[in-house]
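Only one chain is given next, in structure tokens, and it is the form predicted on its own.
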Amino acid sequence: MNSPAALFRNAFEPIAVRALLAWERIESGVSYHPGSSAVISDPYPLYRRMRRNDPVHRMRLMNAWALARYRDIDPVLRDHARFSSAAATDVQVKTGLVSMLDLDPPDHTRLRSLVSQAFTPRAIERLRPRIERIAEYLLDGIAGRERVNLISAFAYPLPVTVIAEMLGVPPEDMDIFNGWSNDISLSIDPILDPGSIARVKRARHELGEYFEGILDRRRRAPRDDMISDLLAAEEEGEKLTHDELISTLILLLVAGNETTRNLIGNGTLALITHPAQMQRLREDPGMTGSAVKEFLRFDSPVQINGRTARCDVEIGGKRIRAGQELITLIGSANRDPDVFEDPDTLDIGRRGTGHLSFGRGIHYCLGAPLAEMEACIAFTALLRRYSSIRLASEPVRRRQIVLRGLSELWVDVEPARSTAGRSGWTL
């Protein structure tokens, strides 16, 4: 059977695309092209149609099944025995970017256990003062500006500085990390043109060489950081191979900043476009934790996830055959009206069922506590520093399928009187 990515090579041929999408519409009354400009811009209207018309949707464009309802997606994500994460896409094979995210037990368990202690809630809580200091330092750096791109000035450098320090690499290299991270994050998309594949391969090679240099220095002089800890595990022989070490470092650096960057950017945009909710949060900063959870639900940094059926199963009355791919629409599940009251409304005080943005089961996001803490600190600092944050121009979306975020969020800001000027924070 051809893989979804192999079939998707035809997706760049407009006639083939139109024919396959027309086939889908005839079969189900709805068609889903995850890479279309309309879906990249705003996928939620299409998600509503899919939940209503065909929630277990046969994607002819990818030869896969797209699941749109919470009640179908949640059990699939939890059940690694019947739904595997191990089927690497053509893109991942071509670029050599297969990580623990793409593994099943026992390999997944072995690799995750090596890094899990660094991401426990207790370990993350110890980082709070440092993250607060980084946030204030970054905002000091843009003090006095009336217009700023919050993505490049704040949403990106905050999480990448944190994860770089945890790993033990120089934070001053974060500018080069940005390019590598942007390119490598493309590898999780099911569709990539040859030019993008070349960019991913180049970024993977350059970042791999960069880590080789760091590893050489740590072999000579270990430190109290994650790179030294993982290097010790590699040297024990059976816990971690060298290729797994490099792949894990790349995953931690990229995943450690990509989703949090998107969370801060998407959440800021949500507040700007819902001024009553922004004012509500200003008046009650104690709601920041629930607000971050609502940002994750309302406009999830991760929109889709993939699994492969290990056996024949039935979902929503549809027969899924062993070996077929399933695309779980996380963004759709998070807006499912059967689970969330008035789901298209931003409500920073929302209570009840949790979002699926961090996944479920054994692949639940290892960095969830860190991402939530970073976001809470970021929004607290932003709203304390600025009495007004307004859009200065149309936000620019990153053209990606799996991840949803912004490359540009230009805003006009007015400093709060009590925080005008620089606070004097240093790194």
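Just so we're clear, the structure is a prediction, and the values are computed from it rather than from any experiment. Numbers follow the displayed sequence, beginning with 1.
Keep in mind that the form predicted together with protoporphyrin IX containing FE (HEM) is not shown, yet the notes after this line are about it.
Contact check for S332: every heavy atom lies farther than 4.5 Å from protoporphyrin IX containing FE (HEM) in the predicted complex.
When contacts are judged by a 4.5 Å heavy atom cut-off, F358 counts as touching protoporphyrin IX containing FE (HEM) in the predicted complex. Using a 4.5 angstroms threshold between heavy atoms, R280 stays clear of protoporphyrin IX containing FE (HEM) in the predicted complex. Among heavy atoms of A64, none comes within 4.5 Å of protoporphyrin IX containing FE (HEM) in the predicted complex. Screening 44 to 52, 367 to 375, 386 to 394, 26 to 34 for residues having heavy atoms within 4.5 Å of protoporphyrin IX containing FE (HEM) in the predicted complex returns a single hit, 367 to 375. Contact here is defined as any heavy atom lying within 4.5 Å of protoporphyrin IX containing FE (HEM) in the predicted complex, and by that definition not a single one of R145, I151 and V411 is a contact residue. Contact with protoporphyrin IX containing FE (HEM) in the predicted complex, judged by any heavy atom within 4.5 Å, is made by just one of I188, V302, V200, I320: V302. For the residues M100, L139, I131, V169, the 4.5 Å heavy atom test against protoporphyrin IX containing FE (HEM) in the predicted complex is passed only by M100. In sequence order, L251, L252, A255, G256, T259, T260 are the residues of 244 to 262 having a heavy atom within 4.5 Å of protoporphyrin IX containing FE (HEM) in the predicted complex; the partner itself is omitted from this view.
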